[in-house]
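Next comes just one chain, in structure tokens: the form predicted on its own.
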């Protein structure tokens, strides 16, 4: 799978803001193919983890109700310019992706 995550992290006044966009179809398993009438199999992100210098600062458990190409933004105390931020996800089909960036 091609890189699916765009991420940006900035620190201001001791608070780090992380913004990310994940490209993923996020199928619920309830929609039907309009041409065939068959149900489209479920395909959604189940877990998102963000680490700051290797320490988990965010752990999300998602389900089928999250929208296609989800946007995720959050803040945490700490971090400084140049520190490492890693964001990763895993879905219900065993697919995954991760990205590492530096705080600006």
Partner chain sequence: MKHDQKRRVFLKGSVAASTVGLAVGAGLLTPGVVLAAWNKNAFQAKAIDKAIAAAAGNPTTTPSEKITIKAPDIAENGAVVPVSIKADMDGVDTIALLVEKNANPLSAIFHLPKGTLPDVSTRVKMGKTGDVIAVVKAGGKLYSARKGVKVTIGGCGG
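Keep in mind the model is a prediction, meaning the values are calculated, not measured. Numbering follows the first chain given and starts at 1.
One more form of this protein, predicted together with its partner chain, exists but is not displayed; see below.
None of the heavy atoms of residue 36 is located within 4.5 Å of its partner chain in the predicted bound form. Taking the partner from the other structure, its partner chain in the predicted bound form has no heavy atom within 4.5 Å of any heavy atom of residue 51. Residues from 42-66 that approach its partner chain in the predicted bound form with a non-hydrogen atom closer than or equal to 4.5 Å are 44, 46, 47, 55, 56, 57, 58, 59, 60, 61, 62, 63, 64, 65, 66, in the order they occur in the chain.
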